[in-house]
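Before any questions on binding or motion, here is one chain by itself as structure tokens, the form predicted alone.
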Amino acid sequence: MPGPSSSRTPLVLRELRWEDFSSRRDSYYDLYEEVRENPGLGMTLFRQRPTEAEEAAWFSRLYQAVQQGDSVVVVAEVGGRAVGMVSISGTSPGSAGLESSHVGVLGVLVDRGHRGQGVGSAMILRALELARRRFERVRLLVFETNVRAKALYERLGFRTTGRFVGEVKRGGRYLDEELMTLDLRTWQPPPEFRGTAPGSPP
């Protein structure tokens, strides 16, 4: 079944694989070039690009958390290549035993050439469905200026519950971040999104 990314190439949603590391590393590294072209890009980055060893360590921790059931990850694949990833993880490493362990933090990254095609919304929907097994609430941070992303999150059921003023300093510019939350205990996929997430269940 064709997915939202293309009428010709199906979009498949699947679980995280170890061999996804290289494409996810490259996608993250590309953000550093993209932010030079667009300083308002709605992604928080490290001041210095992480080394490959640091990225490998991060990916290893994520992969292990998925295997242990502490994180939910959905990967979008088009034409045999991973083009996006959504993760919902605990509020901090080893958070399973904390009083905040019922809260998951959502992160999403779609490769530049596949944005605006429904890839992100399809991944988020699948991740939220899977996250019900592990979390009761999900939260995220979004740049106040990222109107397009905020509109999508609101359509999916997230609501703004706070704001961090000047949370990001990029060059000489301060950017606000909004906190958005979703209660998974009562959440249902909005009618407009039902039946839109293609691929086999991860």
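Note that residue numbering follows the sequence shown and begins at 1. This one's a predicted model, so the numbers in the text were calculated from it and none came from an experiment.
Below: the form predicted in complex with a small molecule, not depicted.
message: Checking a candidate spot here: are Val108, Gly116 and Asn146 all in contact with the small molecule in the model of the complex (at least one heavy atom each within 4.5 Å)?
response: Yes: each residue has a heavy atom within 4.5 Å of the partner.
task: Answer for Ala151 alone: is it within 4.5 Å of the small molecule in the model of the complex, judged on heavy atom distances?
output: Ala151: yes, in contact with the small molecule in the model of the complex.
message: Although the partner isn't part of this model, could you tell me whether Ser89 comes within 4.5 Å of the small molecule in the model of the complex, counting any heavy atom of the residue?
response: Close contact is absent here: in the model of the complex, Ser89 is far from the small molecule, nothing within 4.5 Å, heavy atoms only.
query: Even though the small molecule is not shown here, does Gly157 get within 4.5 Å of it in the model of the complex, heavy atoms only?
result: So Gly157 does not count as contacting the small molecule.
task: Evaluate Ser121 for contact with the small molecule in the model of the complex, applying a 4.5 angstroms cut-off between non-hydrogen atoms, and reply yes or no.
output: Yes, Ser121 is a contact residue.
task: Could you tell me which of 42-50, 161-169, 130-138, 65-73 sits within 4.5 Å of the small molecule in the model of the complex, going by non-hydrogen atoms?
output: That would be stretch 42-50.
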